[in-house]
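In the form predicted alone, a lone chain appears below as C-alpha cells.
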Amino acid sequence: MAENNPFPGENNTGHIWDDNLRELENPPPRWWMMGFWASILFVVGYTILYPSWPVGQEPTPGIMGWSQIKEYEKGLEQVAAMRAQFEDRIGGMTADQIIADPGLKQYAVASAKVLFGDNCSACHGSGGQGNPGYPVLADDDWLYGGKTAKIAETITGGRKGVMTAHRTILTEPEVETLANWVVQMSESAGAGGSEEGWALFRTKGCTACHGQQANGHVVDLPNGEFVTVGAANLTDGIWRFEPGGYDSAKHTILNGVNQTGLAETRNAVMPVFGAQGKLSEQDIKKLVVYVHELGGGK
C-alpha cells in the first residue's frame, strides 16, 4: 500500500481510512517515556520498601516494616495521649463538677456520644427521643429522677418497673372508671378527674406508688425533692406506653407491668450496665453527663 500512499514522506503505516485517517509510526514523546520508566522504578521501589507480594498467608514485609495495624495502633496512642489530659481530670470529679466546667463538659458529651450510640440508642433513639415503647430522655419527665446521682444509679444498676395486674382485683366497671379518670387527669394536667375516679385511686392502693396527688411522687420533701419508686406521673400528659389514651390505660391497669406469667403484661426493663464490666465507672460518669445534657436533666 506504500506506493498508493497519498501522504508521501509521512511516517505512517499505509493504513488509511476515509481518505485522511491514517496510522502513524511516530515514537512516544520523551516525557511519556520518562514517566513510563519512572512508574516501573516506583513499583520496584515500593515492593522493596512496603508489604506487597503475597507469600503464603502473609505478604512480603518490606524493609521498612510498615503495616496498617502498626499505623492504627500508633493512631490510637495519639488519641489516647490527647484524651489523657481530660480523662485524668474526670476521674477525680463528680458528674456535677464536670457539668460545671464548660471544657470538660464539652469533652464528656463528645466522648459519650459513641457510648450512647453503642449502648443506649437502640431503645432511647439516637438523640434521646425514645423509640416506640421506651422512655424519652430529652424531656423533663423522669420516672426515677433526673439529677445526676439518679441517672448514674439508673445506668449502673438498671431498672425494672413493677405494677400489679388488677384484672382480678377490680371489677370491669371499676377498671373503666379508673381508665377514664387517668385520661381526664392527663388532659387536665391533674386539675380534673372524676370524684369516683379519685375515690378508687385512693381506696385501691394506687397512692402507694403514684403518690397522693397522682404525680408519681411518693413523698414531697421540704427541700423540694421527692421520693419515687418509678411510678408514672398521671398528671403530665406523658404516656409511658404508647399510644396512650383510654385503651392504653385500661390495658396497663388490667395487666400491670412486668408481671410474671402474664403474656399481656407491659414490659419495662432496663439492663444493668455497671456489672460484669459492661461499662467502666468512667464511661458511666460521661454517659450521665451526656444524658443530663440531652435537655431533661435536673
Partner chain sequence: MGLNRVSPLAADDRETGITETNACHVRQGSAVKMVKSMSHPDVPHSAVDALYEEADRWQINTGGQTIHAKRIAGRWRTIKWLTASVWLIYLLGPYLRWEGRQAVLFDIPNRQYHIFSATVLPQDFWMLSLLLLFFAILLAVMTALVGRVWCGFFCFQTVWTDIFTWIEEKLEGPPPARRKLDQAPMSLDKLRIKAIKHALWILIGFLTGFSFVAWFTDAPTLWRAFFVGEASGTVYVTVALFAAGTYILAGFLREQTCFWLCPYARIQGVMLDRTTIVPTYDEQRGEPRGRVKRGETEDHRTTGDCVDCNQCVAVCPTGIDIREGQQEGCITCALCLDACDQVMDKVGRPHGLIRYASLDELEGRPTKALLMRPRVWVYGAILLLALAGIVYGFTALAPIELKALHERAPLFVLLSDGSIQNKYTLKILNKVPEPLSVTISVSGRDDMTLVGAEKPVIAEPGGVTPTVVFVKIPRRSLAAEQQPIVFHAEATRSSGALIETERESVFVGPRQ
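C-alpha atoms forming the largest set that superposes within 1.5 Å between two forms make up the rigid core. Residue numbers count along the first chain shown, from 1. Please read all numbers here as calculations on a predicted model, not as lab measurements.
There is another form of this protein, the form predicted together with its partner chain, and it is not shown here; the text below is about that form.
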In the predicted complex, which of the stretches 175-183, 70-78, 138-146, 207-215 has residues with heavy atoms within 4.5 Å of its partner chain? 138-146
Contact with its partner chain in the predicted complex for R22, defined as at least one heavy atom pair within 4.5 Å: yes or no? yes
Does at least one non-hydrogen atom of Q129 fall within 4.5 angstroms of its partner chain in the predicted complex? yes
Although its partner chain is absent from this view, report whether N26 comes within 4.5 Å of it in the predicted complex, heavy atoms only. yes
Does E187 reach its partner chain in the predicted complex if we count a contact as any heavy atom within 4.5 Å? yes
Only one of Y246, W53, Y46, W31 gets a heavy atom within 4.5 Å of its partner chain in the predicted complex. Which one? W31
Note which of N119, Q106, S194, Q97 lies within 4.5 Å of its partner chain in the predicted complex, where distance is taken over heavy atoms; exactly one does. Q106
Since the partner is left out here, which residues of 268-298 would have a heavy atom within 4.5 Å of its partner chain in the predicted complex? E293, L294, G295
Establish whether a shift of 2 Å or more occurs at the C-alpha of Q282 between the shown form and the other one, with the two forms superposed on the rigid core. no
Could you tell me whether the Cα atom of W32 shifts by at least 2 Å between the shown form and the other one after core superposition? yes
